[in-house]
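This document contains two forms of one protein chain, each encoded as structure tokens and listed individually as structure 1 and structure 2.
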Structure 1
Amino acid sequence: MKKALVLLLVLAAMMIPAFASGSGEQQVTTLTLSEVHAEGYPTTLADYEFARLVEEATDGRIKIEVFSGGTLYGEETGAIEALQIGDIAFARVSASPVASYVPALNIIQLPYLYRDGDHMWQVLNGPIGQDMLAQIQESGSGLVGLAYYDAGSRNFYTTKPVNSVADMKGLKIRLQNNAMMVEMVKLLGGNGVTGIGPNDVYSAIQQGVIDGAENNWPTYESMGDYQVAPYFVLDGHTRVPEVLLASEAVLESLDPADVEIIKECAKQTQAYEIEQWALREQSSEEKVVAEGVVVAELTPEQISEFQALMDPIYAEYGAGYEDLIQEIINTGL
């Protein structure tokens, strides 16, 4: 093959999300997956597991290339928009920014909704959660929800101690791109700041642009944020699941039988991610505590102070979903 032709093919492979290259009889389609987390993080491990299962189940006809560490899109909103126009095939993102495109998703991430992780999983893997996952596509977003993953609970971490709601006053807190979360921090007395990707939180804190952020133990540890914001308050304001998303446009370009394989493989990775999550959640907590992070454990009464301020969110974002919210609360009781 002439050099120019090879170059052209390489360029085409980089530009087309579902690029099929033929070698003999076997047509290989390479699909791109975007991930903000680093190698070794539970969701990244699940991405690779997904790729492995799909490649195996299609006898190598479909390969999934994982771009970790936010190298393709540092902000998940960018990845979501790329999926909508079919620029990439998959993205593993948090459900939080997805709610900007599929508002119903806010219902499964309302502040203080779940009693614990088991409660959340009963809801997500039951009819309510599965219906929400289907709604991602049914809403006409151009996105397809393939599977939920665990991301534990989210907590505030700051450059100075927070031991009560009163200490939140005036704090600039980085949030994901989700208006409901901005409202949540406002109700707690702080100021929500969006538009900063998770990989840039560390430097934003260091430069004094923000006073802190909120996340789970593994992200706090993995991104190194604990080094610049060493006060972690266990307020557990939200449990926001991760979602593995596909581009509807890219799936439509594939053989329907392969789409079924992809959906099935994605589902199979959930248990694996949850297992990896549990291990990492514990080791991350141990690591940051050993490095001197100051953890504020709140009493149930103190947590109630946070929770009591959330009523306006339930009124605004829960409007029309009152029965569903009640059903979620009753799940597992």
Structure 2
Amino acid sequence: MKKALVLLLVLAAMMIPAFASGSGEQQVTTLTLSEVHAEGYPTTLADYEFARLVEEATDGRIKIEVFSGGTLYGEETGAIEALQIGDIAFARVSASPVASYVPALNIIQLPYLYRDGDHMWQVLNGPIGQDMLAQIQESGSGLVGLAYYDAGSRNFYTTKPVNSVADMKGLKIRLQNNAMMVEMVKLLGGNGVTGIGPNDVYSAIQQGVIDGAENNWPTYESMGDYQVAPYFVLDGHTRVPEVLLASEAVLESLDPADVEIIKECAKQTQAYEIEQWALREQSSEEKVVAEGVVVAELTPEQISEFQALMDPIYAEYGAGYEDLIQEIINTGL
């Protein structure tokens, strides 16, 4: 009931863009941004920076109100649907659900695709990534891609050391409900386990239901999983970026000049978010290492061992995109 009341108040604010007590006062348009991550998370900080830049660049004519922690929509798919009908103006989401509208986005999520983070950003900020961003609006989904944000790399963490593919044999690894990821772990010799929520990973490891999971540094640290799975292997199997989206319907209701300002401000926040992400990763890593976590940094040769087993996934999920995959692999070489 409380959540519904908040949503009604937000929608009412969007429907009454002008707030002026006299004819000489400036009209102010308030737009809404939905964020599932908590206050202080790198993407949330970037949301607020986006709001600040837009308000500053429009001399206060456009204000963006950030609703973090899933206040409006606990699932990113709900926020996407709200964008499509113009109920909200912006949302920060993972690239994964957006791939439903732009299938090419599935390609940038293939396991062991990137050499490192720099390689990924060369792709995303180059012609390949920017074309995919443009395709979001061209897809007719009612969505507009504004900018990519960093979400780091996903890595395995387990109850025993993993330094090679052989060490993965038989391990039960908790995964998101993603068929490609399940196949990835199977090819590595392990068993992918789905259906366990992020808040239940700790107890599942503690009870021996699973032998570990996979995620980024901040989640590993903040969820406390490091206490029961103290071995973290930097295999960087996937790097799935976040995307700042806008509602096409809302943007069409604004002055075109303001839309250009919004788009430019969004692009400016990318570097800020990447910086905030790096700081958060560093602090999370330092904390868990101080608590006794053992970090395995794989050599390029060891990573190649993992990568070499992914051919069936590339054949299945990359079918029809072979040239694009090769172009991504060759970027920056």
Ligand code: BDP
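The term rigid core refers to the maximal set of C-alpha atoms that superpose within 1.5 Å between the two forms. Residue numbering: sequential along structure 1, first residue numbered 1. Note that the structure is predicted; figures quoted are calculated from it, not measured.
Legend: structure 2 corresponds to the form predicted alone, while structure 1 does not.
After superposition on the rigid core, the Cα atom of residue 81 is displaced by less than 2 Å between structures 1 and 2. In a rigid-core overlay of the protein, residue 232 has its C-alpha displaced by at least 2 Å between structures 1 and 2. After superposing the rigid core, the Cα of residue 56 is displaced by less than 2 Å between structures 1 and 2.
Relative to the superposed core, residue 190 moves its CA by 7.9 Å between structures 1 and 2. Lined up on the core, residue 315 has its CA atom moved by 2.4 Å between structures 1 and 2.
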